[in-house]
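Two forms of a single protein chain come next, each set out by itself as structure tokens; they are called structure 1 and structure 2.
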Structure 1
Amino acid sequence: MSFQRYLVRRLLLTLPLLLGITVVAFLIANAVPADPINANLPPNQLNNETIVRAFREKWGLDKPPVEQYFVYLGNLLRGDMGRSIKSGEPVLADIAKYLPATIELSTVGIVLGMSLGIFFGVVSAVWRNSPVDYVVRFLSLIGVSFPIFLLALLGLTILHAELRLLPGPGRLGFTASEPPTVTGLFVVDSLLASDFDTLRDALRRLILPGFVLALYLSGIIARITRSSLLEVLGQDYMRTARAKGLNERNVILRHGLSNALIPVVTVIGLMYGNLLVGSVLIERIFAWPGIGQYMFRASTSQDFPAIMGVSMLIAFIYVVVNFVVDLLYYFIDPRIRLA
């Protein structure tokens, strides 16, 4: 199959899913027992006849539900997700403000988590049933079983409060000032501004939350890598590779791992969800001003436009991430190209 055909086919499967997400979001937003006007406007505007009427008109609330959905979809396509009740700002602007902090943290988390997970998964599979294997398997089981908030609190107590090795919660300390916003990622922005003190502070503050997130992810990745590599190690082509006289390192890394990584890549795509779960909980503990913190505040204060905006955005990203993973398959798995 040519890449173009594969791409078009995947796209055709993805578009209905994106549309479906807007339907689900619309349904949940309309399942609120409360009146949508009460749920979406700040209390002090409820008595203001003009604002209420404008709101009703903008979202087509006097029309039948099906028509309402299309009004909603139309507004959405123009990038209008409504206004957050709590901040009073357009939801999209809020998201743009909070998203970079989450991207910065989750990038550190997933890069560290993948490196640790794949490394320990390989070690554990190669030295199967050795003490190393048992230790890795036990640790990865702890990684998937420990509530991430417990890991975070333990990390803060030991490394910050007791040993004073790492700074506490927050993206920056009190003394540092935010670098001028270009990307919203403090590490990148402070580098662009050549502000190395801020850069050092931002990096140091990423270590602990990033590492906690990584521990949580690496448990899952190590387990999948181990079982996938074990399955591959038993294949005939592994024996062939050894029979050709390749050294063990080459056999395992080039013939073994490259085949074992296919399911690992799938899982990493699907793990985007776990990454967000982790981020929501970690951001709460580390006072990290990211999208998880925003979602948390929105959901505990019934800020509906914000909740639906974030859920939809996240579902969209999820679909897009998995679309990209599907495209990656094309390059990783030659069977798709030949099919």
Structure 2
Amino acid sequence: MSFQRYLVRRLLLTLPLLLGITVVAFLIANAVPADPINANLPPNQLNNETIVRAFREKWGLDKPPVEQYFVYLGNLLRGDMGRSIKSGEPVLADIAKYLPATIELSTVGIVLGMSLGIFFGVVSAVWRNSPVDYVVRFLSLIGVSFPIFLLALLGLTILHAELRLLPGPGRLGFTASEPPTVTGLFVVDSLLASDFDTLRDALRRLILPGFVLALYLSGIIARITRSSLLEVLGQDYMRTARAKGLNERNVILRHGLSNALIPVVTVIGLMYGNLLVGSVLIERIFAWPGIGQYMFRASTSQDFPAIMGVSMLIAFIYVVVNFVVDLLYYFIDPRIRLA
């Protein structure tokens, strides 16, 4: 199968999925029992019928639910996700403001976690039932089962408050200034601006929250890598490769790991999607102004346009991540190319 044909098939499967997600997001946002009027109007204005009626008309709350959905869908197709009731800004502008911080933190976490997890998973599988294997399995079990918020608090207490090895919460220190916004990623923008002081500060503040995420992720990835690689190591083609006199390192990495990556890539893709939309605790603990903070504020204030916008963002992220994972399958697994 050609790559173009494979790409078109995946795109055609993605479009109806996105349409279905808009329905689900709309239903979830309107299923919230609280009244957005009570959540957003001052108490002294709730008894004023003129103000309440104007508020309903402004935000389309006076229309039937079906009409509200089609109005929302039409606006969404034009790139308009509505205007936040709380901030008064377009939801898309709010998301563009908060999302880069989450992308920066999640990318650091997934890269570190993937590197550690795959490395220790391979080591554990190659030296199966050895002391090294037992240590890796024990540490990965701790990483998976240890509450991530407790790990974050311990890291802040020990490495920041007690030992003063790493800076505390926030994307930048008080003495550093934000670089000119190009991508919203401080590391990239400071590089583009040749602002190496800001770059150094931004990287130092990424270390602690990034490693907290990485330690949790690496435990899961290590266990999946070990399990998948052990299954591959018992295949006939691995014995054939050794019988041909190939170097053991090439046998493990070229023939073994490459064929064991399918489940690992799947898990990494899903975990990256989880990080982008689910790192609320880490962002609050480290005062990280990401999309998790925006989600929390929108849900607590019953900001329906923001809730629906974030719901669509979450769905879009998962669809894109799974789409990219499907494309990676094409290059990793030759059986897909030959199907």
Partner chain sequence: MVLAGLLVVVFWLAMLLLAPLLAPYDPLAQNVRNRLQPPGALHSMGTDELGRDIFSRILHGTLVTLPAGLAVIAFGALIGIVVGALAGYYGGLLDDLLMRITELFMAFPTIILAMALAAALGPSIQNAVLALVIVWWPAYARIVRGLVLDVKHRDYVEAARSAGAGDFYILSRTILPNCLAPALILATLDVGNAILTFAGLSFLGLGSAPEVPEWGRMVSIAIDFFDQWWMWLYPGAVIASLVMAFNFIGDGLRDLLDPRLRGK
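Each form is matched to the other, and the largest set of C-alpha atoms that superpose within 1.5 Å is called the rigid core. Here, residue number means position along structure 1's sequence, counting from 1. Quick caveat: nothing in here was measured; it's all calculated off a predicted structure.
- Here the form predicted alone appears as structure 2, and structure 1 shows the other form of the same chain.
- Once both forms are fitted on their rigid core, the CA atom of I285 lies less than 2 Å apart between the two structures.
- Core-aligned CA deviation for L313 between the two structures: less than 2 Å.
- Aligning the rigid core leaves the CA of V66 displaced by 2.7 Å between the two structures.
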